[in-house]
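Just one chain follows, in the form predicted on its own, and it is written as structure tokens.
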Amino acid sequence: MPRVLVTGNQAAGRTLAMAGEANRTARGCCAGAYPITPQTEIIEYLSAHSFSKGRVVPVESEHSAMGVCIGASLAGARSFTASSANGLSYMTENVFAAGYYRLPIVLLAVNRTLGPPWNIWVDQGDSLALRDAAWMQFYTDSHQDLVDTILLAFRVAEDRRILLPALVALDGFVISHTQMVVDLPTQEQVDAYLPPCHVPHRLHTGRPMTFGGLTWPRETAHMRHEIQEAMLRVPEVLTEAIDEFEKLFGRRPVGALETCETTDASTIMVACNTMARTLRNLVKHRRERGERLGMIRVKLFRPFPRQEMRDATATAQRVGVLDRNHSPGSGGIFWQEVAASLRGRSDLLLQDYVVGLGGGDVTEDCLSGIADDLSSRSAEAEPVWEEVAL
């Protein structure tokens, strides 16, 4: 397993290429390609890769990029693409279609602020705008976590018990354009980890069928219920995929949640992506001072790990949620999910903090101030906005 110094985009592109190449003994692979900052390097890497059985299709828009993925996946190929911000928004119609078609496509979302006004830095409003699509959503905190999660996403999405597409999110620039040392898998390891992609309802000349036709209310409700049941199976299948990953690669990726010092914590802060890395340092320093502070990193957003969240916060009296996103009129989106998970805890103070929107720095000092505010609260309030003064 080579250890290399790469940007997040390079690591992502190489991992996608190996995943596509691993399907060369089956129906091959295909990617729809359209550039947008800060994910363009991923598409550039894929476009330069020579697949044994597959191709990258340049198109005129993100909508078409997902359309290519849908067509390729319906033909039985392993399919994937990448986008960001307004590109994801333009892709939305086909994102929903891919989920409802039950196609195991993998989409890399390099989180970038939606515009206007135009902003190329990170927040999660773009990927979370797709939270009601029939897609799994994973949020990664490092280059290594990104590589490992891409492989997990293919493995879980293509499992016959799931057959749902997967979105893997990474922070724009913070991960996409910075370099870190990563243990990249070899092609042989990826071949061993990813079974041939089999889409059971793929187009086949021996059994002609149509897709996307008109259905009646009863049939539509039945299909949505099947998607719900598949989502409920994701945690079990993900755990199995992690077990197999550990056997083959010798390391164990984080599952739905990562906990740190939560066993006896009276105060817990919830974060995701690279904010969680900064929060770990704060927890370490506060623990050295004798404070019972813990943290939870949410990796799997869809389906949201509600029972795991309840278990991880069992000892807490205060929980603060860090949201690098905003749902107008409501607050942070992760906070909404945490609140739904902990709705039976009348003894718990749950506070939302909107922080780092539009790429604002989320430093340890910033999180220290939030921790102080949380520990001093006697009642919940509307979402607290950090660093909004101009």
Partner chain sequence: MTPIRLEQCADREKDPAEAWHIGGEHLLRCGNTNCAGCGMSLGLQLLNQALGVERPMLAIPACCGIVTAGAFPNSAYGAPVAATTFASSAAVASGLVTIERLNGQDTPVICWAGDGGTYDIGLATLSAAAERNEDLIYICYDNEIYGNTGGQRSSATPEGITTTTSPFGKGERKKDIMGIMAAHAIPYAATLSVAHRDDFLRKVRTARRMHGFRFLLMLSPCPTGWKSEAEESVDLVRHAVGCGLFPLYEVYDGVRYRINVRPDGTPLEEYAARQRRYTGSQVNLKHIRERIAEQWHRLDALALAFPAAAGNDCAHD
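Numbering follows the first chain given and starts at 1. Quick caveat: nothing in here was measured; it's all calculated off a predicted structure.
Same protein, other form: the form predicted together with the partner chain, not shown, and the subject of what follows.
For the chain seen here without its partner, which of 329-337, 60-68, 34-42, 351-359 has a heavy atom within 4.5 Å of the partner chain in the model of the complex? So the stretch in question is 60-68.
Contact residue in the model of the complex, from 236, 219, 311, 243 (heavy atom within 4.5 Å of the partner chain): None of the others qualify; the residue that does is 219.
If the cut-off is 4.5 angstroms on heavy atoms, which of these, 262, 86, 94, 142, is the one near the partner chain in the model of the complex? It is 94 that has a heavy atom within 4.5 Å of the partner.
Residue 249: touches the partner chain in the model of the complex, heavy atom cutoff 4.5 angstroms: Heavy-atom contact with the partner chain at 4.5 Å: absent for residue 249.
Please determine whether residue 304 contacts the partner chain in the model of the complex, using a 4.5 Å cut-off between heavy atoms. Close contact is absent here: in the model of the complex, residue 304 is far from the partner chain, nothing within 4.5 Å, heavy atoms only.
Contact with the partner chain in the model of the complex for residue 195, defined as at least one heavy atom pair within 4.5 Å: yes or no? Flag for residue 195 set to no.
So, residue 74 and the partner chain: in the model of the complex, are they within 4.5 Å at any heavy atom pair? Contact check for residue 74: yes, within 4.5 Å of the partner chain in the model of the complex.
Going through 205-223, which residues have a heavy atom within 4.5 Å of the partner chain in the model of the complex? Please give them in sequence order. The stretch touches the partner through 205, 206, 207, 208, 209, 210, 211, 212, 213, 214, 215, 216, 218, 219, 222, 223.
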